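Starting off, we have a lone chain in the form predicted alone, written out as structure tokens.
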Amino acid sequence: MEIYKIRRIRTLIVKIRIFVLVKLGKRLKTMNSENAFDVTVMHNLKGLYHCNDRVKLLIKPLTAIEKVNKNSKVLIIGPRNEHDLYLMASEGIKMSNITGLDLITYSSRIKIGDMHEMEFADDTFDVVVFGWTLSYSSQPEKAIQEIVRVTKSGGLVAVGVEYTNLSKEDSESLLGYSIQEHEKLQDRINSTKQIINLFGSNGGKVYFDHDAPLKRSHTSKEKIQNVSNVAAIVEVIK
């Protein structure tokens, strides 16, 4: 819908719906995952009202690919709120064809569930948008394998993560806690090569490769506004 292209209106709709459905309707639901880091739900609840446009780094090139059209069935993993769904709809995808999945939900448009063990049937989606969620997983290979399962052969998976050179101690200094539990996962996914390698033999053509060219990272003392991001769009082959 064209109205979703207007950021002020888009974010207003998101925040009004959160207020009505969470504050008044008491619709908020959460679940935990044994394959996610312990602070995942807490950290994302803190940002429930945040409307970040960074997913455009995935959506813009994704919707420029000829395989993607208004009738494509799209799964958005980890949207936190409805904002990413509206951004996808603003590029011409039917809202009825867009499904969200998260450990947090207040909306019928976002199913509650674990990306490592999804309840969707095999080969359900033409497109999966996996933006800024992989970094919460202690089992990234398992998450990608599950995404491959629910994606049709020839479908597209768009993955984005925030680039960072913060240590565990730096993160604790900045946030008061570290999102990544290093005893569960030593190496953070921080490059397009790492993302693409997770697909193994199921990875086909790479349609988009944005390897954080400026390498801008938060510091232990401040969060910067224009932090770099890593993004790749990979074709699924089965």
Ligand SMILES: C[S@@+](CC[C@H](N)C(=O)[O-])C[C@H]1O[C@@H](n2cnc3c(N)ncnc32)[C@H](O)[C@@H]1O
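The first residue of the shown sequence is 1; numbering continues from there. All figures in this text were calculated on a predicted structure; none of them were measured in a lab.
One more form of this protein should be noted, the form predicted together with this ligand, which is absent from this view; the next part is about it.
The closest non-hydrogen atom of residue 133 lies within 4.5 Å of this ligand in the model of the complex. Using a 4.5 Å cutoff between non-hydrogen atoms, residue 155 does not count as a contact of this ligand in the model of the complex.
Contact check for residue 140: every heavy atom lies farther than 4.5 Å from this ligand in the model of the complex. Residue contact check for residue 33: one or more of its heavy atoms lie within 4.5 Å of this ligand in the model of the complex. Shown without its partner, this chain lists 74, 115, 159, 87 as candidates; in the model of the complex, only 115 has a non-hydrogen atom within 4.5 angstroms of this ligand. This chain appears without its partner; in the model of the complex, the one residue of 27, 188, 210, 54 with a heavy atom within 4.5 Å of this ligand is 54. Segments offered: 102 to 110, 87 to 95, 164 to 172, 144 to 152. Contacting this ligand in the model of the complex at heavy atom distances within 4.5 Å is 102 to 110.
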